[in-house]
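The chain below stands alone and is given in structure tokens; this is the form predicted on its own.
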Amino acid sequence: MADGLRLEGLSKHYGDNIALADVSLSVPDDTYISVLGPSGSGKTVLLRVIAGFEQPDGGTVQFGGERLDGVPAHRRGIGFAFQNFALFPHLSVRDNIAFGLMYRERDPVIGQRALRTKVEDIIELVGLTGLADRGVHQISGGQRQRVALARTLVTEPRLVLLDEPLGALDANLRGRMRGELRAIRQRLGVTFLHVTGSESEALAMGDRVIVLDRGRVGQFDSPDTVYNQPASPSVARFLNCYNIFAGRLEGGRFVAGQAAFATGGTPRAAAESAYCIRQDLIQIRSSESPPRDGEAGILASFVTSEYSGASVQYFFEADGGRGVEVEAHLGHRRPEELMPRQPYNLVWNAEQAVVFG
């Protein structure tokens, strides 16, 4: 861990806006780290402070056992892949990739044979073989993303920062590039910090996931832990797969409006009281089939459904107009045939709820 990335008490303000607030964490070497959070949570600012493009108002950045405070960005040994790729439009794929090697301050590569060898090796690594002489305006968005990544990797950085690298790609290409990015990182044996606003992308790609909440670290855990045991109601909201009920704990139950839920376990201490149940853990039953022992549930009327191929999302309305969503994976059970505006019991195992008090 001494040779990895270590952040201690990082803070950054823009006037009255707090971009980073006391961010402290340690990132091990040779790992893929996803950084998740909504717009404005401080994700890109965090990357820019680590890279040296922005100076923090407080705290320290250490990498490889060395303090980077005051070290210029180009001397940190850190690669940065920008969201918009930032390629030179008048240069070929090969020349875009070679640019950083030729013009870096330390040990520029000026020998044509050495330069060509390094560039060709990285072109093969990122899957651009045969495209080296094309202009970047002549290749697809996914290929431009690979050029941007190759230009970063060819300088052999010890840490690579990726600012929403898949955001400009279509859905199918994003899916393919997830696996390729992980494979490339694994072959190189360096650490990637990958910023994304997509919870599915963060969980699929990261060996560990940092969840940022208004400039603070809301959680830093394995994807499985973040998904199944969010550390706060805010983290659960970011995951976009939980029904979250506001209310209060009373006598071992959680009271949310007209409903009262069994908690099933010890509630977690939190600044905000909330009852969270994942959408795919809910069963839909008839209105005459209430929760049994060990279960919790709520009566709600069916509104509509949304088919997405592998799953169906059902939308219900409970008392007071509260929306409740149920996700049904079609590989597990047949789609429900529900009547609009009719009441149904939505039931789940109380042990599977995450409760904050």
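Start at 1 and count along the sequence shown; that's the residue number. Since the structure is predicted, the reported quantities are computational estimates derived from the model, not experimental observations.
Beyond what is shown, the protein has a form predicted together with a small molecule; the following relates to that form.
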query: In the predicted bound form, the residue from 40, 323, 28, 290 that sits within 4.5 Å of the small molecule by heavy atoms; finding: 40
query: Among the candidates 318, 328, 45, 51, the residue which, in the predicted bound form, approaches the small molecule to within 4.5 Å (heavy atoms); finding: 45
query: Stretch from 291 to 299, 64 to 72, 309 to 317, 31 to 39 whose residues place a heavy atom within 4.5 Å of the small molecule in the predicted bound form; finding: 31 to 39
query: Residue 17, heavy atom within 4.5 angstroms of the small molecule in the predicted bound form; finding: yes
